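Two forms of the same protein chain are encoded below as structure tokens; each is given separately, as structure 1 and structure 2.
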Structure 1
């Protein structure tokens, strides 16, 4: 057993033996030269091996605060006033006294009050008159201040009745802090006495095997510290990316591996790019304040070039050159100029198409969008959307289905289906669905389709355009096994610490 003890354990035992077999942790620390914490660590080890017993006793301890320490060193305010009075002949103006004592004006009334209370002086008008012929002897309160200042901390129960009464006085003067502390003593057991009586040799130990020790060969002659590899260690929570940020990063990497280019755009957009350019009528319910956040200041933004604006206006009004009948209403440029927090990142992809017309084009974005939603376990007002388009001469909906299947399979989602759906700016349209085994149901991941001629004609695009967009948080919930979307933004430290790094 002795061979397994570390050097601090040995020093603790030697000090404890020299102190008679029972001593406080503080006395052992002074005797051994170890830190208090080091003695306590050794005490826990030795106690677990039944070499020592730990005795604990709770008690109240008093210590000085910063003001109390100042008074203990410089003297109580009333003592300083008395000394100044004696210098000034036993009587002086209060203002001059404060100046002579170099005392804060706020403390002077307190000092005068205690002078009168202790019977050391009288106050007549603006003058202070000493009632004694000499400096009064040191009071019990002053003795207690000096005692606490000298020892740093005193046990209340060990004070005499007179000092306890003085403690109540200086407590009222807010010069001390009294708190409950634990007094610990170590005592050698029979097993411990047996060990120390055999003799304990103190040999310095090396805790780290360095390259220098190995190269020089000194490792053969030094004593290496034994480590209990089975001992429990504290849980460590290293810094890491937020789980949602990890999934965003992973989604970006997958698209980049598939040959896509990332695009970004502003979160504040005109209704023109957010709605009109995507053939969404100006009286569509999604454009109401109940669904969309409109900016109050500034309220409107600028529209793009006249050619694109006129094309969008004619498509809305009569279908223009697309063969469509349009929506059959008078299109308003004022409505299109309104600024909104973008409701989808498709606003950025259509804007990108307006200036990039030559195929092939493969771009994506993973960015924030905003919708005036009621916050529930499945809906939030601010979230991330995965968006992308593919532009080429002969691409079809089947190519889009293959692209999304590849993307989601890289996230480990194997059971994917595509169900027919409707969106204002794509035809044909579908939803990408994944089967969630834990919930035992199908979940929509994203909407998808081919941009309608009404969307492409004003931009001057003549090739098919495959487009998709879906909420990233829904994918994150499947990946992280969540059933409440709010947990992703709740900053719950317990959940963040427990959640491992995403694969």
Structure 2
């Protein structure tokens, strides 16, 4: 048993034995040279081993406040006035007296009051006259002040009746504070006596290994402190990827695993690539100011080459060579030149396909898009879109479903259905729905479809194009169990620090 006691426990026991087997924690601390808290920690360990008993007694203890401490050292104000009066010949102007005593003018009236009531002096007009011819003896109140100052704290019950009365006086003068404290004494049990009588050896312990100990080999002869291995260590936080970034990273990894190549384009885009090239008519509601951020500076950009622009214009107006009816309106190049914050990454995809036409093509992006939305718990104006494209001679709608199913399965989402849907630039179109067990309903993961002939023809693309795009943040909210989308961009350090890397 004794072998397991730590150095502080041993020191405590030795001190306790020397103090006769029962002593206060303060006394043990003084005797052993340990800190008060170290003795207490040992006391808890020793009492749990039934080596000592802890006796607790609650009592009132008085201690000086800062004013009281000052008086204990310099003397009470009335004492200081008396000393000055004696120096000045027993009588003086009050003003002169205060100056001589170097006393704060606010305290002077208090001092004069006490002078009078202690019968040491009289006040006549503005003059103060000493009634004694020598310095008065030390009063009980002054003795008490000195006592408390010396001990730091005195137990009220241990004071003589005379001192107790004096305590009441200085309490009224607001020089002391009296509060309830717990007095603890340790006492050796029979088991404890047994132990200490066998003798306790104290070997100095080393807390921290040092290079010196290691190099010199001294570590062999010193005793290393046993740590309380369960004691709490300080909290530290690692540097980490933002939880949303972790999900972006996963999405990108899945795409790469599936053989897709990453593409990247500008965040400010012409309406031409964002809308027109994707067969969205110029009066389409999505193009309105209420849905899309248009730019004020710079306001317009440049259109690509004639061939593409003319193709897009005609496809909108009458379907061009595609056999489509088109939208039947007059297409405006000015409208197409307007700059917008891109509303989807499909703008980049179609631009990419305009210059990369050799199948097979598999490209993706997980990137930033914008919508003119009021920021609420459901909506943000800026978020990320997951987008993937497959171009090949013989790809089908079923291939698109299979690709998506694989993609989301890698994300851990197994229960997926594909419902019919609509997008201006895809036909057939669908939406991938995932069943959310917590919400107990189907929620939309992404939109998908095959690019319409009206989109492909102006770009000169001859193969079918499978495309899908969906919000990343929605996926992140499912993953992270969030109800408020804004949290993803609040950068609340507490949340970032405490959200585990592995969910």
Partner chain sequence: MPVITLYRERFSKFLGRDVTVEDMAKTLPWIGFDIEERGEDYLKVEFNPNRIDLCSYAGVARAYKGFTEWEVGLPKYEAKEPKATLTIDKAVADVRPFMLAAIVRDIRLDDEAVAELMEMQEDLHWGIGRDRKKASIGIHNLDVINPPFTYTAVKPESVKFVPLGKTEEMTPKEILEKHEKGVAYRHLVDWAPRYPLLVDRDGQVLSMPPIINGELTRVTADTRNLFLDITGPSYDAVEKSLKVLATALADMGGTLEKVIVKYPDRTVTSPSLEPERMRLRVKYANRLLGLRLNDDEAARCLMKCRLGAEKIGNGLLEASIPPYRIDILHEIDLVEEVAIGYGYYRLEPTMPKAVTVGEKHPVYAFADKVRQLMIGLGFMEVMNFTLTNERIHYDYMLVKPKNPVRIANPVSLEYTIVRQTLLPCLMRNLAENKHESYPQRIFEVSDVARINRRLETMVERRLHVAAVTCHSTANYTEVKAYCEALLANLSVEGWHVREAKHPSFLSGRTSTIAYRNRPIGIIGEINPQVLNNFQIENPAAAFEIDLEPLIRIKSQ
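Positions refer to the first chain, counted from 1. Source: prediction; values computed, not measured. For the two forms, the rigid core is made up of the largest set of C-alpha atoms that agree within 1.5 Å on superposition.
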Q. So which is the form predicted in complex with its partner chain here, 1 or 2?
A. 2
Q. How big is the turn of the smaller rigid part relative to the larger between the two structures, in degrees?
A. 25
Q: Look at the Cα of residue 29 between the two structures with the rigid core superposed and state its shift in Å.
A: 12.7
Q | Cα shift between the two structures at residue 223, which is computed once both forms share a superposed rigid core (Å) | A | 2.5
